[in-house]
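This document opens with one chain alone, in structure tokens, the form predicted alone.
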Amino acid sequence: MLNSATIRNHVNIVGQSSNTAPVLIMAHGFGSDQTAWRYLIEAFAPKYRIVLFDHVGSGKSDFNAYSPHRYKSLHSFTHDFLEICHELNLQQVTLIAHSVSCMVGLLAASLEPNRFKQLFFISASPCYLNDRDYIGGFEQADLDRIYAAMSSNYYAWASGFAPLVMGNADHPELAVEFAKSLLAMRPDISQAIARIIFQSDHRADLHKLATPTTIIQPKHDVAVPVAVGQYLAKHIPHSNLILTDTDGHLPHLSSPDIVISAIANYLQPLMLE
């Protein structure tokens, strides 16, 4: 199918080949792609069927499928995500999501709760802007400076943004990898998606989520303060918060063993053969 979500979003399935194996879906964050899950894939592939994809505008997705009219909110990415689930007939799946994909997953699980068994949110935020007693981490002026830098010189912005967000200055190769995935995006798409993410506010949607959710919050994340993880745990029913002693916004790349352990400890038991 020309308009197939599995083609448009460059879906790959790895791990267990049996259709009866429990399913993990891994959904990447902004500026990243499905290759960022390689350490988690290695850990969970022996027992799980793992579904990977790239959001439109990222990785090896079909960039021609992008339009500012279609992708004007996180709901558009939610529609893509659910379309993948429908085409693959995925049921009772566990979602492991990073950054923006956490809110995409939240919206999807709120719309189709029976499709999801369990959610894991890594470095999630429902709102990046500070608002009265809510600490999101950014003022509007901060975000405006980001947009201006992206517009002025996208290459320079990505080269500076990557090490700031990645952290772990003693491993500069991680920032280089993240910068490369940012630069693989079309600048116009990257800027548009950044605005959607940073200007979104899904705090009012948190209470709608009924799926058991584990929030994995780094203690040192320049993009998402610890207060945000605590806010999520307070407002999402059936949730628990794990504060990890990790640095940076992409702990599944910089501290994979810690993230893998956190997920493994809270994964619901495998179904009996």
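Remember, it's a predicted structure, so these values are computed and weren't measured experimentally. Residue numbers run from 1 along the displayed sequence.
Omitted here: the form predicted together with a further copy of the same chain. The next part is about that form.
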Practice task
Using the partner position in the model of the complex, report whether N3 sits within 4.5 Å of a further copy of the same chain, counting heavy atoms only.
Solution key: yes
Practice task
Consider I197 of the chain shown here, and say whether it contacts a further copy of the same chain in the model of the complex, taking contact as heavy atoms within 4.5 Å.
Solution key: no
Problem - is_contact(T213, a further copy of the same chain) in the model of the complex, heavy atom dist at most 4.5 Å - result: no
Exercise for the section: Flag S261 as yes or no: does it have a non-hydrogen atom within 4.5 angstroms of any non-hydrogen atom of a further copy of the same chain in the model of the complex? Expected result: no
Problem - a further copy of the same chain: the contacting residue among Q91, S73, S159, Q191 in the model of the complex [heavy atom, 4.5 Å] - result: Q91
Practice task
State yes only if every one of V100, L143 and S151 has a non-hydrogen atom within 4.5 Å of a further copy of the same chain in the model of the complex; otherwise state no.
Solution key: no
Practice task
Could you tell me which of 222 to 230, 201 to 209, 241 to 249, 28 to 36 sits within 4.5 Å of a further copy of the same chain in the model of the complex, going by non-hydrogen atoms?
Solution key: 28 to 36
